[in-house]
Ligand code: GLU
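A single chain comes next, written as structure tokens; it is the form predicted on its own.
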């Protein structure tokens, strides 16, 4: 049969989703699997979210929602962003989407023409380059290095720009490295984007998960750049609501209007039940986000301390944000020099699921998540150490 598919859909599947799916299949088959691949905080849904859902059901809030999101959520979301991060968004700048990921998808679909270039900083979240390619764009990868703290320099962005460059995809705090940028660093990056006349999409879904007394600074806080900044936010990480699928796009009014139109011709809108749960979460943001932050910091410390104890000499550093560790293969002391094969064998023989660094544009590393409960993390690292010891260099 001839190839019936568009050339634009010849993109790789999400590596994180693939690995997580294999891990879940092994679990269903009755195997003990330690899943360090899933990018979510494993926590119970707060009781007040459940009560809000019950209220919404009882009051008939089960019909199609407005395309841009219910007014209650758009209003509260903009106020939450303004109060917390000193932005200046209004309802007209706010769109509710089916997860932050779809917000990114929607933006790229609305902006890109064939041949447009998009700067992507490596290590990157696995879905950035494929989504750019899906809409005919060309990802231009800018490499960062561990010795530089995985941070991009403004001059690297400037050097990567051409007449075809339309957008910079920027992730702060970062998946997979946990990198967190400071105010002056952001100013310098925004200055380059303005000079080059390109938009910046700032993926800020981990803004509530910063540690070690590090403050989060949003790209949306620089009002003199508001016409060229789009901020992606999400309830998944800030409020532990991964399965509810509620994301938020904050953008200039002209962009927001276009995204609403495209959303109206695609998914129509985000589940109204999920939106009411998000309203409750934002109302309680002052309570729920610090609780998640405290627990994720504890899990980070458990993961880092246990790893360094069982892998002497690794000297794994605790990230300042998100809930991932990006670990070089040499830290495991194994014979492997191929991160993909290492992760495949670790899952097959050791029942530990991780994501290869190649999926993030950086071979020779693996990404682990410390989103699981502390006891699960300890058991996972023990299993990983057992596997690594069996395959250690002789």
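Residue numbers count along the first chain shown, from 1. On a predicted model such as this, the values are computed, not experimentally measured, just so you know.
Here the subject shifts to the form predicted together with the ligand, a form of this protein not shown in this document.
Student: Hey, with the ligand in the model of the complex, do 206, 237 and 324 all fall inside the 4.5 Å heavy atom range?
Tutor: Result yes, every residue of the spot touches the ligand.
Student: I need the one stretch from 325-333, 62-70, 339-347, 33-41 whose residues put non-hydrogen atoms within 4.5 angstroms of the ligand in the model of the complex.
Tutor: Heavy atoms within 4.5 Å of the ligand in the model of the complex occur in 33-41.
Student: Wondering, does residue 125 line up within 4.5 Å of the ligand in the model of the complex on heavy atoms?
Tutor: So residue 125 counts as contacting the ligand.
Student: Using heavy atoms and a 4.5 Å limit, would one call residue 14 a contact residue for the ligand in the model of the complex?
Tutor: Residue 14 belongs to the contact set for the ligand.
Student: Answer for residue 97 alone: is it within 4.5 Å of the ligand in the model of the complex, judged on heavy atom distances?
Tutor: Heavy-atom contact with the ligand at 4.5 Å: absent for residue 97.
Student: Is there a non-hydrogen atom of residue 76 within 4.5 angstroms of a non-hydrogen atom of the ligand in the model of the complex?
Tutor: No, residue 76 sits far enough from the ligand in the model of the complex that none of its heavy atoms falls within 4.5 Å.
Student: Let me know the one among 270, 233, 175, 263 whose heavy atoms come within 4.5 Å of the ligand in the model of the complex, would you?
Tutor: Contact with the ligand in the model of the complex is made by 175 alone.
Student: Sequence order please: the residues of 86-116 with a heavy atom within 4.5 Å of the ligand in the model of the complex.
Tutor: Residue within 4.5 Å: 101, and no other.
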